[in-house]
Every structure is written in C-alpha cells, then in structure tokens.
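Given next, in structure tokens, is a single chain: the form predicted on its own.
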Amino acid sequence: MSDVSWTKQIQAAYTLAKERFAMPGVDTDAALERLAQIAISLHCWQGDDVAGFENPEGKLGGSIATTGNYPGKARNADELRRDLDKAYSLIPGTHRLALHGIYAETSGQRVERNKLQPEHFSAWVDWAKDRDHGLDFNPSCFSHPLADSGFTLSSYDAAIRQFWIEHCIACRKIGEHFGRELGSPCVTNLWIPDGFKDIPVDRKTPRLLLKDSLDAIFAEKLDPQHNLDAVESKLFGLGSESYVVGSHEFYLGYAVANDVLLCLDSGHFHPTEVISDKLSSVLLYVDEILLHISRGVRWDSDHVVILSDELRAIMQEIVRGGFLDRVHIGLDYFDASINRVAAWVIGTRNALRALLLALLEPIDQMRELEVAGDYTARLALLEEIKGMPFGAVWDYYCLRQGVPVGMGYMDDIREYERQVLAKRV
C-alpha cells in the first residue's frame, strides 16, 4: 500500500472515530490538542543500564540491579544522546529527560559527587536546548563506597551523612541551573536506598537522622520557577527487605510539612497496592506530585511499562481529577534484556496511549450519572466506552505528529540496531 493510500485510510478512520466519540459528547480534536501539551520525562538510565560515566565498570549497588545483556548499550554520553534522539523521533509530542548525578561529563577527571557543578552537565543543557527538551534531575545516592553500608542520609556516621547532604545540595543547584537555562522548572527528585535487610531494633533513629539531613538539604529556598524538589519513598529493596527508612508515610509527612513534591513510584509499593487510588488523597495536601511510572513483577523489578489496567487507572485519575497541571509524569525502569531504544519507545508510547484513553472519556456525563445516583447507567457507560474506536484516534495523532503509526516504529529501531547498536562492542 502506498503512503498516500495509508494516510487516507488513517484520516478516514479518524473521521469515523471522531463522529463515534461525539455521540457521548467527546471532542477528539480537543483531546489530541491537550495530549500534545503533555510532556513525559524519559529516564536516561534505561539507555546504559544505570551505569553512568563516573565508573567505567558501571558497578551497581544500593538496592539496584539490572538484568540482561542485550547488545548495544550506550557506552558514553554521545552514544546515549544519540540513542535518545532516535527514541524521541519515534514518540509523538515533545518530551523531557531525567538525568542522574552519575551522568556528569568531567573530561576524564575524577570529580566527587559532592563537588558536582552545573558545568559538568553543560553538554546535556546544550543538547536539551537544541531539541526543546526540559531536563529533570536526581541525586545518585547509590553505587558508591560511601553507600556500601546500606545507609546514606540516615547513616549513624555523621561524615557519611554530610557527604550525601553536600551531594544533594549540589544536585539542587544543578537542577536550578537546568530550569534557568531551559526556561522550564527542573524537578530534582531525591531517593535513597537506606534500610535494613533484617528486622531492626530501632526504627525511629534513622528516620530522625534522615529528617535532619533533609532539613539541611532544603534549608536554602530555590526559585520554584527553576527548581522543584521531590522526595521518593519505597517499600523495600535489595538489602532492605525488612525496613526502609524513607517509607511512604515518612515522605508523605515530610512533603506536607515542608512544601516539597511527593514522588509516587508505581513499583515502590506492595504488589497488591496501587498508586492510582492515592492521587486524589495526596493532592488534597500537597500542591504537586511527581510520578515515576514503572512496572513491578512480583517485586520492584522495573519492567518496561505496558498498557495495563493500573497504568490506565493512574492516567484516568489524573484526568478525571483535573490534576494534569499538578502532576509531573516521568518513567523509571531499566530492562537490559531487550533493545534499549525500543524499551524507551514502547513505555513512553504506552504512557501517552493511557493518557489519550483518559482524555477521550465522557467525563462530564459520567460524573452527572454518579452525582444523580444512577449507578446502573454509569456502569453501562463505563463498559461501552471500552469498545470505542480509540486506536483510530491514536493512529491519527501519530500521523499528525510525524511519527510511525502502529508497529512501524520497530522498522526504524531494527534499522538503527543494524547501523548503530550492533557495531558497539
């Protein structure tokens, strides 16, 4: 089939879908316009298995593990940026990038993490400016000799705590620089791996120490037009199966009391616990939140995001609650068993598809039925919209955004693998 015929088929299918969605009162054109304004923050660490550029061996530690040995991972910043360019070219819309502290470029010189400066990320800023990407940032409190004990900001050793406090302060300054240079606030998100493998005797003291460390880190107020601080919880991790200092309850309280963003990671809770139900409650008490969209399989295993029921529920809650302007959506997973560029593309397109599904709901009509107590009609409508021609709207959006429709992006990825990734040894 010629490109012209294919384009006409997509446009014709969209016209029919538009009419079908109009029946319950959904404006598909408006939904697509809104979707185009939403930026997803991709995570740089998918491209090189969280290795970074600090240590050539890229040895991981601190509750983090990457599995798989698919060929072609990025070995340096230029390769990582090239891979990201390919991924962005296959994703509709204009999106962001989240960096970690270990992705500094120091010209071969050893720079300790507490001494990092904006200049060590100048190439990332130039790249982001050139491509209209916003940048987000994360301190890297793992894979370091001063994290080997399993404790960083909550360590009983004051010198260790001070090192990580200084690192986090340096990262906030870097995030502020990103926001100022790019004209878009940088979300600087703090996560630590601190915890015990076995049952602790004293749960309180590490949390008191963590609170004191956070108070020191956030003592200087930064302009929210440039930097937004976030704190991220976890239920358990490798080596911290019995107790994590930075629990959900700890960080929820800290975020509310100190006016910082709360980060909810969809892989950081019990497998039977979901974050979609937390959004409307948390956003009553904090102004904004950061989402890390991941997929745990039996544990926080950071699988590539699929179009799951929970992903759809998360996006529905954001849209139905009118929270789009208060939620920063980012991805956080790393799969080394498949093509890494494809992992970015598949996960991001799924996040966008889930958002579009939510934007195509007849929300006003559903809410009216609920308020009226007509739960029968509400159920009927919720089930009816599951069969609406969503795929035709998504295909049209991809066509309009100039990215491949359907599985077409895999042709580009396979060619990129042949021409670029397969030559990396």
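Because the structure is a prediction, the values reported are computed rather than measured. All residue numbers refer to positions in the sequence shown, first residue = 1.
A second form of this protein, the form predicted together with a small molecule, is not displayed here; the remarks below concern that form.
**Student:** Looking at W164, W191, F178, F151, which is the one with a non-hydrogen atom within 4.5 Å of the small molecule in the model of the complex?
**Tutor:** Checked against the cut-off, the match is W191.
**Student:** Which of D136, D229, D300, D332 has a heavy atom within 4.5 Å of the small molecule in the model of the complex?
**Tutor:** Partner contact (heavy atom, 4.5 Å) among the options: D332.
**Student:** Would you check, heavy atoms only and a 4.5 Å threshold, whether I64 touches the small molecule in the model of the complex?
**Tutor:** Flag for I64 set to yes.
**Student:** Would you please decide whether R340 lies within 4.5 angstroms of the small molecule in the model of the complex, comparing each non-hydrogen atom pair?
**Tutor:** Taking the distances in the model of the complex, the answer for R340 is no, it never comes within 4.5 Å of the small molecule.
**Student:** So, R353 and the small molecule: in the model of the complex, are they within 4.5 Å at any heavy atom pair?
**Tutor:** Answer no; every heavy atom of R353 is more than 4.5 Å from the small molecule in the model of the complex.
**Student:** Although the small molecule is absent from this view, report whether H100 comes within 4.5 Å of it in the model of the complex, heavy atoms only.
**Tutor:** Yes.
**Student:** Quick one: W45, F142 and H292 and the small molecule in the model of the complex, is every residue within 4.5 Å by at least one heavy atom?
**Tutor:** Result yes, every residue of the spot touches the small molecule.
**Student:** Thinking of the small molecule in the model of the complex, which stretch from 73 to 81, 110 to 118, 261 to 269, 308 to 316 has heavy atoms inside 4.5 Å of it?
**Tutor:** Selected stretch: 261 to 269.
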